[in-house]
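Next up is one chain by itself, shown in structure tokens, the form predicted alone.
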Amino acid sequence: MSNQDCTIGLAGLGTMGRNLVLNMADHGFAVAVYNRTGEKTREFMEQEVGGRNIQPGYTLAEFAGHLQTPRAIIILVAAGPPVDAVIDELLPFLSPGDLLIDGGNSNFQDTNRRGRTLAARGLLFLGLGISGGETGARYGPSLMPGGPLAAYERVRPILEAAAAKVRGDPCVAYLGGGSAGHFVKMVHNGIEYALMELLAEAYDLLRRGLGLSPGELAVIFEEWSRGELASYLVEITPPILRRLEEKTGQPLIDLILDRARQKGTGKWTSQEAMDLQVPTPTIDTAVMMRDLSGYKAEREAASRVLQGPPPAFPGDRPAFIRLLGRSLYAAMVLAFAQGLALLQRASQVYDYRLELATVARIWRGGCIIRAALLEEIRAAYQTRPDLAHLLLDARLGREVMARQPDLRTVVTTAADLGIPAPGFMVSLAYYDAWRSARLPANLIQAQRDYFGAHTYERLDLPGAFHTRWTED
């Protein structure tokens, strides 16, 4: 190829970057690539490119020179300062009208800042959420773009070609202005945290409570994956549970340290939910449990002195497994409901103008939280775009309501066995709180007025009131 023949450029040849480049090239697009470490570019070209239309740039000038003008460049590096560093290095080689696309897990506030800064220089900027991991990037991720509509339209054919397809429908759509794409990706990751916590708790109840082997658990999760719980996270669990350690033949899952890592997007979701005053207890609990898992030494010390009931389930095992699956479905609906409520509020506050049916549609394929349930969620918001809350959808509300006895049994069983299941517990509490016409917040308001004269409102009279609660 001659200079300026490449339709799109990508800077950052890590796992996601390399696979996304191959994906775009396989769909017929000529791609220019650059990595700060030239050796990584050279290895990629020698070992993975084959005969594809991929052009290496070993300097930024060479990289920019391969691109058609106005240029379009995807940046795929670690979130935070590395993104700013790449942007700063690229700026001398860019011209007004060029487009930069941040495909990392950037904080949405950083996306807002970068968009304003680049717009002042005549450059376009998209925040592009990408979900699906290594396999998704290679064969079809879910893509969540936000920013100027004109910028999206310029790269729309590339993104639609590279995205996952569900019955031919690409899992990408323009979500809104500014940081809409990265905000949606952040909430996607918060829901992901919640679903993983619920699955871990179900696993723990079956492993410790019922004493089932990893192989027996694999059969249960496999059965679940064929029904209403069909989802990526449920589907990947059986092969994990069946994997044996090569040297000892033991289940590998039993040898993995019980300390969960995190990159921060779940925490950002909880923080933003608190700022916007949207309750997301299942997501918050999932973040908290990852934090708690990090105290491994302290937990081991506590286990030697703090007593609890023996975790031995005495009841009907097949019946409990069935109701645990039903409870998991209800809790999954509640986790999605919390995340979507946060998106709904953020859309109002930040003027994203999100269409939640569209969000559910592009999450159906490619991404980590893809699930059969998302078809029902999409239908709910298609039928009623102004739906105030997912539980108010007639079908999904009825499905959760029908499973509430099972969820209550799981919560009480976990408490009786002394096995922590806070994700299930707060999911049930969230359901009960939403269906409560009256909550005990009246006592909280009275106490606030007592010690701080913060006033309160009344049911029978308008206005703000203060009471002298004692004669002192």
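For clarity, every value in this text was computed on a predicted model and none was experimentally measured. In this text, residue numbers run from 1 along the sequence as written.
Keep in mind the form predicted in complex with a small molecule is missing from the figure; the text below concerns it.
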Assert contact_stretch over 268 to 276, 393 to 401, 254 to 262, 238 to 246 against the small molecule in the predicted bound form, heavy atom within 4.5 Å, equals 254 to 262
Of H188, R361, R71, R370, the one that lies within 4.5 Å of the small molecule in the predicted bound form (heavy atoms):
H188
Identify which of W224, Y152, F108, Y193 has a heavy atom within 4.5 Å of the small molecule in the predicted bound form; exactly one of them does.
Y193
So in the predicted bound form, does any heavy atom of R326 sit within 4.5 Å of the small molecule?
no
Can you work out whether R138 and the small molecule are in contact in the predicted bound form, taking contact to mean some heavy atom pair no more than 4.5 Å apart?
no
Does the small molecule get within 4.5 angstroms of any non-hydrogen atom of G133 in the predicted bound form?
yes
Look up in the predicted bound form whether R290 has a non-hydrogen atom within 4.5 angstroms of the small molecule, and give yes or no.
yes
